[in-house]
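Next up is one chain by itself, shown in structure tokens, the form predicted alone.
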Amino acid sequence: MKKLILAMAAALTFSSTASADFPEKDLTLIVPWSAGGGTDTIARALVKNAEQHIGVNVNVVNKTGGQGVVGMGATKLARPDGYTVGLITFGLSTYKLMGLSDMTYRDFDLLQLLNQSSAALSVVEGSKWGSLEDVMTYAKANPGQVTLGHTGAGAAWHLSAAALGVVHGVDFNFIPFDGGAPTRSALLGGHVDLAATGIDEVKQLSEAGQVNVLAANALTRHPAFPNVPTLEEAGYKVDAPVLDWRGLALPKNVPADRVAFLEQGFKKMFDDPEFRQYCEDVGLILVYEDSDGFEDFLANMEKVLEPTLDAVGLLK
């Protein structure tokens, strides 16, 4: 027993000493979606000035596939030494409900919530449809003919559009892509008629006159899109808007002092004036919650999404 106590004391001393030197090298931030999409761009903007706040750089690594399962799974399985942080996203709230994976937010040590985003439905500029009513009228008369690009079955943008179709009796032809960037490219290239994305993801394209944002799935208009109606204002109300979310998490069992360091460091990055100005410029609405608030938010999200998934036939 005495040897065991001494061994535990030595281990604790080593851990404390090692943690006192943390971090000794750059960190990795795993992003589970493709480069160029909304999740990737917010991640890169967040860590742009990391060295100023934590003394080392944070390198973004994109690990895509499986509707985000691959990247978030990589964070879950990473060595719990604090050098790997994961950007977790909306899919983590749906995987288990849909039977895609047993992974939930409970498999991580949460750091913070970063933002919430509403969905937008957009067409390419010059489309034969100038309003959501035009789309819905055509889609009702031609079931399954309107192709709608999104970022995967059960993802926020898919659920937003699917709920619209279910509530108002429209059958869209859903085409999945692995992230916001390829979804936008497909819309611009004429490969889909309509795109469901984060409204912030089409801000630059809208300002450049390349896309026409028809409506947003939100309770109020987005401040950067004062002329874009909500679904209700466009005449197609959906009772519970599906909001996307992004946050930061660690693999389980990272030493507590390292977790505390990372919580403080990433909060400083979140509060960085350059990051906040970037988010304002691109129309990204920031919503901060610490680890406890983030956990409460995610627990409630599962309760909200269960009936939504059931309504569109995706609940397992």
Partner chain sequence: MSFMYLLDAFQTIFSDVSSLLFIVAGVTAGIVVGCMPGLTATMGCALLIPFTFSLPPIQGLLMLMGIFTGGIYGGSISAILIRTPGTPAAAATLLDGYPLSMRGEAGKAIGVGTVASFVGGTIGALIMAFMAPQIAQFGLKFGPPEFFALAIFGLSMIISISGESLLKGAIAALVGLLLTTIGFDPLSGVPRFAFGNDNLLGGITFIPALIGLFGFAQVFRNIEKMEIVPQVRSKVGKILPSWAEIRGLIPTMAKSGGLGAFTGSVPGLGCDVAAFVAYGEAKRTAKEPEKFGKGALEGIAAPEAANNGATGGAMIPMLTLGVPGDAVTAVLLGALTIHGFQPGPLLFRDHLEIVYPIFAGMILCQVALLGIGLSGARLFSKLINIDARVLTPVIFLLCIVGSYSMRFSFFDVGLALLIGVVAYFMGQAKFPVSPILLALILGPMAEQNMRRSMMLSQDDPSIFVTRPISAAFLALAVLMTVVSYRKFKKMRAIEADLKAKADSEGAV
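Numbering follows the first chain given and starts at 1. As the structure is a prediction and not an experimental result, all values here were calculated from the model.
The protein also exists as the form predicted together with the partner chain; that form is not presented, and the subsequent description refers to it.
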Original post:
Do residue 141 and the partner chain come within 4.5 Å of each other in the predicted complex, heavy atoms counted?
Top reply: no
Original post:
For residue 69, is any heavy atom within 4.5 Å of the partner chain in the predicted complex, or not?
Top reply: yes
Original post:
Do residue 226 and the partner chain come within 4.5 Å of each other in the predicted complex, heavy atoms counted?
Top reply: no
**OP:** Determine whether any heavy atom of residue 207 comes within 4.5 Å of a heavy atom of the partner chain in the predicted complex, and answer yes or no.
**Re:** yes
Original post:
Of the residues 220, 173, 104, 131, which one places a heavy atom within 4.5 Å of the partner chain in the predicted complex?
Top reply: 173
Subject >> Joint contact, 61, 152 and 178 to the partner chain in the predicted complex, by non-hydrogen atom at 4.5 Å >> reply: yes
**OP:** Quick one: find which of 183-191, 240-248, 85-93, 114-122 has residues within 4.5 Å of the partner chain in the predicted complex by heavy atom distance.
**Re:** 183-191
**OP:** Check each residue of 252-291 against the partner chain in the predicted complex and list those with a heavy atom within 4.5 Å, in sequence order.
**Re:** 278, 282
